[in-house]
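Encoded as structure tokens, the following chain is the form predicted alone, with no partner shown.
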Amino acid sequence: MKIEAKGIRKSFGQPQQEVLHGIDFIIQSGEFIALTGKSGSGKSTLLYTLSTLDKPTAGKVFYDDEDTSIWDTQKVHRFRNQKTGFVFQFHYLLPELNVIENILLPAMKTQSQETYRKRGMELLDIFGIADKVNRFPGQLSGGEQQRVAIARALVMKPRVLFADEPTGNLDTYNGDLVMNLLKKINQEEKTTILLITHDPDFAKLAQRQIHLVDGRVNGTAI
């Protein structure tokens, strides 16, 4: 799924303070993009705006040339649930649900858990934690919890995956493992991935980098 940002501006507070200053770029369908920049450069704000979790103050976001600003609330919610996946620095697993139940949470919104159960089990196998299917989050390591969170984000076969510092709380081994899993999903399922990372080595694993400086794209996206 192609994503296009046209003149994206975002302001907060009173008086208004602009955080994003006219962002323009195109992410082609199936690309793996690393969004980089120092803390406070606007990376997370941009990711939330592109993903429809937040609205821009000005400018527009397009998916496959479709203007998201004209979507009603129902279409936005359906798009988020069925077409996108989200992975964050913290896994946000529900402690009272076991592994497979956490993975199937997106499917519960449409009462389609059984439809996606096989997919969930396949992801657990790919991620090397199929033996943990009935464990609860408190019985897993940090790396295992993050792999469950990624499986949850992918269970509905999203066309776009947004990842905000998914390796931020992991050691080197698990960070490498998570990045390799994301790269595998991108290559095999052609999922468009937009990844925020502070790690230059992880950024180099992406096909291209978009670097933000003070809310602006620093030169041409590379």
Partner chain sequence: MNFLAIRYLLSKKRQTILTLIGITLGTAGYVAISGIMLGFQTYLLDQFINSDCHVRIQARDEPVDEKFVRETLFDEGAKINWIAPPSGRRGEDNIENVPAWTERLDRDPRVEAYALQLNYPVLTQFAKITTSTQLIGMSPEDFLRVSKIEPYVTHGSFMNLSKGAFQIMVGEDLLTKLGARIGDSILLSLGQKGSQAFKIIGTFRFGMRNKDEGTIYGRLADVQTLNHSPSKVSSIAVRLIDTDNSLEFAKEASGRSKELVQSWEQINENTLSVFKTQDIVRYSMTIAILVVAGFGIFNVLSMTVTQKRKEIAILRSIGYEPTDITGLFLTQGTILGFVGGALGLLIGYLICVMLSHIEVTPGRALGMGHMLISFEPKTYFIAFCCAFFSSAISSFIPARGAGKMEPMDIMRSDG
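Here the structure is a predicted model, which means the values were calculated and not measured. Positions refer to the first chain, counted from 1.
As for the form predicted together with its partner chain, it is not shown, yet the points below apply to it.
Contact with its partner chain in the model of the complex, defined as any heavy atom within 4.5 Å, is confined among 24-32, 49-57, 191-199, 177-185 to 49-57. Across the proposed site, 38, 122 and 173 without exception lack any heavy atom within 4.5 Å of its partner chain in the model of the complex. A heavy atom within 4.5 Å of its partner chain in the model of the complex is found for one listed residue only; from 114, 96, 72, 131, this is 96. Of the heavy atoms in residue 127, none are within 4.5 Å of its partner chain in the model of the complex. Taking the partner from elsewhere, residue 144 is found to have every heavy atom lying beyond 4.5 Å of its partner chain in the model of the complex.
Though the partner is left out of this view, residue 10 does reach within 4.5 Å of its partner chain in the model of the complex, counting heavy atoms only. Mapping the unseen interface onto this chain, residue 109 counts among the residues with a heavy atom inside 4.5 Å of its partner chain in the model of the complex. Annotation for 133-172: interface residues with its partner chain in the model of the complex are 136, 152 [heavy atom within 4.5 Å].
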